[in-house]
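Read the single chain below, which is given as structure tokens and is the form predicted alone.
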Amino acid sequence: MMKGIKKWRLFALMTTLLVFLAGCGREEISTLIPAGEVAQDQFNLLILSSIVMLFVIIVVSIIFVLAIVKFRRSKMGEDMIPEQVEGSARLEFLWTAVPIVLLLVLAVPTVYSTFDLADVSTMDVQAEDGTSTHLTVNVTAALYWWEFEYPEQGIVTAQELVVPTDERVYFNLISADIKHSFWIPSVGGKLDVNPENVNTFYLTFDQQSSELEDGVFYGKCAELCGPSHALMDFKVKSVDREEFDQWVTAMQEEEPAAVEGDLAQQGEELFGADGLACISCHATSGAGGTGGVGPNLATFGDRNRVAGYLEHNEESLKNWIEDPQEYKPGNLMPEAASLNDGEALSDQELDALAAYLMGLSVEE
């Protein structure tokens, strides 16, 4: 008896917890709070399928309960045999037609949405001056970071995607190493990122990210890709078209803005010095092509996180530079000591590098 009571207590606790968790959700990362046309279409399909499944559960439960109550042995007796309905054309039609109707209710909008969301035929439409009428972003996934190239604008950034609101943004997805998956839960997705072929799709961003608590939407790798898969995040800043054009213009500057302060200037020298040679892996200008071994750092000072998930401050940055494997196991960034003749960087050198990198900004 006590065991039964304990089981019911556990069940009640889990049910209560489930109810509370059902109310959890953050606008910047929840699929249940859509912030774009694609996400809304997918959310509508989720609601439709849930309604159909709930309908089936309710009908089956009602029939089950009625059968138990109406035909229970204590009421009908031991020898009662229910009416035999084998071969009933009406019932045969009913339990054949109803599942078909339910499947059509699910299948028709699902197939329509699948083809509609996969339609990228307008991606290459050009205006009279030869420029594309839609923004296209080439996304390259690597262990464990993301690169975003804007081919029409001639700029490259990493870890933080910047897009205009209220218009379609097309994405060409490819991987630099193994299979990944591109997913912005609040806006739509996900789509595989393969090393062998380019996958293409589009998203729309209906809400400016500045309205969110963290000022960004959160993107994720949704395909298990290694020990730091869970840390392979990126952020999305959605802004109006005017602000986006201003950002593009700032990114198109061939040379990064001059650093300010003696400490930051010392960091700039260290960054390009032969010993560390950080510049050989990381570009500091948004203009130009792709191909860097590491992420482009032109907008590092504007980012929301260090290494995708650490707090964006100098302390986190210094810890990352000293020992990147501690924070993202399996990433390709070497320890600073291995590039500095086996000697760890001094506090002064770490402070200088942090000051320099935090000063890399294109936003006013």
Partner chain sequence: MSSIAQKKGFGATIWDFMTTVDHKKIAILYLISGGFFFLVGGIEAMLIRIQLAKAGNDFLSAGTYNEIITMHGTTMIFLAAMPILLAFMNAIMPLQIGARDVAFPFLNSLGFWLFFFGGIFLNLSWFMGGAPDAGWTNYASLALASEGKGIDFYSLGLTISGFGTLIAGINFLVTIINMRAPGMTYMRMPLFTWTTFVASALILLAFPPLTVGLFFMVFDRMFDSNFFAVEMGGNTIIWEHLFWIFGHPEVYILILPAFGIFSEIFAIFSRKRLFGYTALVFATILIGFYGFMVWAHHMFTVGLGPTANAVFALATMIIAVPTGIKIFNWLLTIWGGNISFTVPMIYAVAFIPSFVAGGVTGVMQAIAPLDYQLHDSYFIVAHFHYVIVGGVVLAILAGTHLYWPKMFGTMLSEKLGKWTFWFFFIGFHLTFFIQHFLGLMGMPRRVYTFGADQGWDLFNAISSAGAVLMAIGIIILLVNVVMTTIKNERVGNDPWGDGRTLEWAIPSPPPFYNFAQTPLVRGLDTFWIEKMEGNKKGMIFAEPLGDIHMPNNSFIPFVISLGMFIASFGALYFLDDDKPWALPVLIIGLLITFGSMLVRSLKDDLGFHITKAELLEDAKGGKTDGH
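Basically, rigid core = biggest C-alpha set you can superpose within 1.5 Å across the two forms. As the structure is a prediction and not an experimental result, all values here were calculated from the model. Residue numbers count along the first chain shown, from 1.
There is another form of this protein, the form predicted together with the partner chain, and it is not shown here; the text below is about that form.
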Stretch from 294 to 302, 314 to 322, 32 to 40, 334 to 342 whose residues place a heavy atom within 4.5 Å of the partner chain in the predicted bound form: 32 to 40
Does E160 make contact with the partner chain in the predicted bound form, using a 4.5 Å heavy atom cut-off? no
Would T122 count as touching the partner chain in the predicted bound form under a 4.5 Å heavy atom rule? no
Indicate whether the partner chain has at least one heavy atom within 4.5 Å of a heavy atom of D79 in the predicted bound form. yes
L224 near the partner chain in the predicted bound form, any heavy atom under 4.5 Å? yes
Which one of E242, E83, E255, D274 is close to the partner chain in the predicted bound form, taking close to mean a heavy atom within 4.5 Å? E83
When the partner chain is considered in the predicted bound form, the residues of 180 to 207 having a heavy atom within 4.5 Å of it are W183, P185, G188, G189, K190, L191, D192, N194, P195, E196, N199
E92 C-alpha moves between the shown form and the other one by 2 Å or more, core aligned: yes
Taking 2 Å as the cut-off, check whether the CA of F64 shifts that much or more between the shown form and the other one after a rigid core fit. yes
